[in-house]
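The chain below stands alone and is given in structure tokens; this is the form predicted on its own.
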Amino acid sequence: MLKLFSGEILKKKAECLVIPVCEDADIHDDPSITGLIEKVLKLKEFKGKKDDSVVLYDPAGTKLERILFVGLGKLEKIDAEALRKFAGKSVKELIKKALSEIVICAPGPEKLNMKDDVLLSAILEGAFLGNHLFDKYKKDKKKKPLKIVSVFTDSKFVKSRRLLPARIETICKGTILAREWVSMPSNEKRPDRFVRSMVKAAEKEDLSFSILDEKALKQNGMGAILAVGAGSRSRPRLLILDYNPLKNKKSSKKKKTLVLVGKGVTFDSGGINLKPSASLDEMKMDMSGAASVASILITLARLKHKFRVVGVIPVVENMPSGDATRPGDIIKTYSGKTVEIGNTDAEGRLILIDAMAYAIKMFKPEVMIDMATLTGACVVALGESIAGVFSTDEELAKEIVAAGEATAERCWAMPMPEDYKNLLKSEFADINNMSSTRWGGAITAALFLSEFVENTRWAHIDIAGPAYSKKAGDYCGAGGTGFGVRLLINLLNKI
């Protein structure tokens, strides 16, 4: 649980007070905090440099059991992400000490030349996200998350931002929900089971849902989704989550609708084009887009978002078998276009095109955004921490990149050159799902998708890099990161 409070900090009884320290400036408004920092900076082992830390136990003149001082480094380097990392790292360290309630002392916003809501949000986010432990499959649960994290700040901010902790907690719970779905092993989230898990979470909120099973997919002519799922005993599904706050309200005004599409491949073996063994162990994460989209819809319902958002989530398992789709096969998609299968491991784009074409026909959205762990090529281009944004709408791409800067879920706008579409030509079908060259794979994948969005304002976010982390970070454990939840919640508040 997150809290904001003010008052006489040194008289508050707490297991631990966490104080961030800058090595070259005073960043706190409270004189009592400044006095403590002056004393601790005289110690040889602590100078306030980045990652410096020291603990004082039973400090005189306080009711505190301990004070943890954490260095932030130089003032010019301190931004919102630095505060997220500081808070997350501090929480992780104090979980190791088996504490249950801590207080984090927020710097003065004016001292950091930062808006108070930005500063406090960053600390609250880092603390809540860093407090998450994914130990569902461990018999011995040695660590326990903190029960309460309070953030000490000026009384005027406590009054003006009293709703902030609850909002941050709601958004971060959505991120953690996505994390846990992604980290869950594939044997526990085969398509039908994963869809039931998302529906179970959605049923608790003001969301309506519908599920297209294999029979309904056939009746609707969704040949691309069926082709990808053909090799698995676990049959494909298409889940629609609909958040519509105005469904029972009469209005003469046109109601805005936005569609989010999330790739849900619960395990990607590559199909007949089998992946090498070194790549297979992490393929449980190939449904990260689906996890984030479902979590976003659930979060929007909890936040009572103002306009309609629909999540369209195709869910399949891509497996090799005697029934699997083969390279060279030609399939007919929901849009009516035919696709030649150049590679069965280029399966994500196939399930997306049926889902997107269906979403355009059924919901006629003003904006559609798909999110998918689509290409290794995007990871080669941008690394493991930045998502690629592809859109023919430059303004939409800029808005997504800006939301990434605000949330530290970083994105980079990528090109979509028209002439690269020639690389997707097929001699036998309308289009090939695989480029004729190995180069620019993230671009040609996005161009393939663009052939199925008609005139809809659309963006594709390739999250192959940042959706999953092999190692724990400052406020995220190893496994699913929940990337995209905070990003798109931020974006939707500004569209």
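All residue numbers are counted from 1 along the displayed sequence. Everything quoted here is computed from the prediction, not taken from an experiment.
Keep in mind the form predicted together with a small molecule is missing from the figure; the text below concerns it.
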Considering non-hydrogen atoms and a 4.5 Å limit, does the small molecule approach Thr375 in the model of the complex?
yes
Using heavy atoms and a 4.5 Å limit, would one call Met434 a contact residue for the small molecule in the model of the complex?
yes
So in the model of the complex, does any heavy atom of Ile360 sit within 4.5 Å of the small molecule?
no
Within a 4.5 Å heavy atom cut-off, is Ala346 in contact with the small molecule in the model of the complex?
yes
Just one of 363-371, 280-288, 118-126, 105-113 has heavy atoms within 4.5 Å of the small molecule in the model of the complex; which?
280-288
Which one of Arg326, Lys275, Lys332, Lys425 is close to the small molecule in the model of the complex, taking close to mean a heavy atom within 4.5 Å?
Lys275
